[in-house]
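Have a look below at one chain only, the form predicted on its own, in structure tokens format.
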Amino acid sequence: MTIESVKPTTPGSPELRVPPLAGGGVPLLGHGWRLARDPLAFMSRLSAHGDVVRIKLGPKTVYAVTHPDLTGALALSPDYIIAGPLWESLEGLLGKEGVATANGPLHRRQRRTIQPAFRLDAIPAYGPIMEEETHALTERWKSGETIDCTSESFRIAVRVAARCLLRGQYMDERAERLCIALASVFQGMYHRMVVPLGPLYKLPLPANREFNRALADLHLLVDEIIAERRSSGQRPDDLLTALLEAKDDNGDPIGEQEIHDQVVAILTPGSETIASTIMSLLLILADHPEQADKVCAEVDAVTCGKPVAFEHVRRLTHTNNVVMEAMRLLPAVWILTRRAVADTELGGYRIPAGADIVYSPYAIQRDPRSYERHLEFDPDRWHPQRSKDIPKYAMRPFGVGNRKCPSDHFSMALLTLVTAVLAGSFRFEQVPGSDDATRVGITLHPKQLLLKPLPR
């Protein structure tokens, strides 16, 4: 199957089929209960029913896409926009005026505003900050002491984002606030996505009150950041200054709500996904010591015994492959949704206007049709000689088209640097009380990963 083979034909043509309905639904909840109980297994099994499958989330019919070529077509076609259960659940956090949730001309203007901060030639300027924050971990972590990987991963993700993109002097207390709040907010949003019970989430139940408190603290944190910058009178060359000086299509300053929503989009989803990936990488280093040893050997060969620096990142090819393979098996973003804006077709199936479409990078990236030994951790599969055989859209961790994450180069540089520094400094072992089972929310990461660093 190719992208050309899934271009829309006439939506009303008789040869278009209705996608098959997945089995196992129940009254009222549909497939939502199965998605909530074991979402990764549920999404992974849908490919057995076809390339496009209908599922029921509550009373709503949703179309699940299981073939990588179709996910590429979905992301590149103007017939589908950012919308659906995932984005509706995120609007309470991200708002409707941030680059993550906006569509059309607003989204294009916002990307133009933030894109300069993430250009490939802009990334080296962030190198010293990435180095400082990453090496600070090795100085803070003591051999034999237990590390709470959740808080440590969020701390570095938030501090790097804040110092590189917002030029803020953010202390660990704010990183802890963000970590605690995000845990409640993203779990609550996930429940609202898979079991859309509407008014019930407004009742003063303990879980709803916890969600609302966490969400309010996140927005308060963002208001503090913006207010501090305005009161300082400073205009450093960073992303926050670009937002404060940005103009709308009429040449007027953009509104306060848009500035707020853009800062939320910088701090929260980015920090959540980077932190989740760092946690997964730490788990990989602990569970695959042979790969950690290979990273350590590569670091020694590239740096000649010097501390790992940003300048070394591009030559750490095996380390980069370890990051890629970790993102394949344990993607932070495991589910994505779109909405059809017109009657169209996908893979020969009729998709009606207004229909919500869902697909799972987790399922796509573990599909045995695309990967040999699909459940095996094998960084060498990303060598150029082997990776050419992987279907084009079977591994797109940062998305494609105009919705591609603008911070892809920034994120890969940071993740490769973190992996190199930590594997070059420590061996890791899990300690009693650690729970490395996958926690499923809006993102994926180990539930409660506790590690003991041991010196090399």
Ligand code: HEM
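Computed from a predicted model, the values in this text were never measured in an experiment. Don't overthink the numbering: it's just position in the shown sequence, from 1.
Just so it is clear, the following notes concern the form predicted together with the ligand, a form of the same protein that is not shown.
Exercise. Where, among 392 to 400, 39 to 47, 66 to 74, 52 to 60, do residues come within 4.5 Å of the ligand in the model of the complex by heavy atom distance?
Worked result: Comparing against the ligand in the model of the complex, the contact stretch is 392 to 400.
Exercise. Does L336 make contact with the ligand in the model of the complex, using a 4.5 Å heavy atom cut-off?
Worked result: Contact with the ligand, yes.
Exercise. Heavy atoms within 4.5 Å of the ligand in the model of the complex: does I266 have any?
Worked result: I266: yes, in contact with the ligand in the model of the complex.
Exercise. Any chance T277 has a heavy atom within 4.5 Å of the ligand in the model of the complex?
Worked result: The answer is yes: T277 has a heavy atom within 4.5 Å of the ligand.
For this session: Evaluate S411 for contact with the ligand in the model of the complex, applying a 4.5 angstroms cut-off between non-hydrogen atoms, and reply yes or no.
Result: Although the ligand is absent here, S411 would touch it in the model of the complex, with heavy atoms inside 4.5 Å.
For this session: Go through R163, R111, H135, R350 and name the one with a heavy atom inside 4.5 Å of the ligand in the model of the complex.
Result: Of the listed residues, the single hit is R111.
For this session: Please pick, from V313, I82, C296, L240, the one residue with any non-hydrogen atom lying within 4.5 angstroms of the ligand in the model of the complex.
Result: Looking at V313, I82, C296, L240 one by one, just I82 meets the 4.5 Å heavy-atom criterion.
Exercise. Each of F154, A183 and L451 near the ligand in the model of the complex, meaning some heavy atom within 4.5 Å?
Worked result: Heavy-atom distance to the ligand in the model of the complex: none of the three under 4.5 Å.
Exercise. Taking heavy atoms and a 4.5 Å limit, what residues of 311 to 331 are near the ligand in the model of the complex?
Worked result: The stretch touches the partner through M327 alone.
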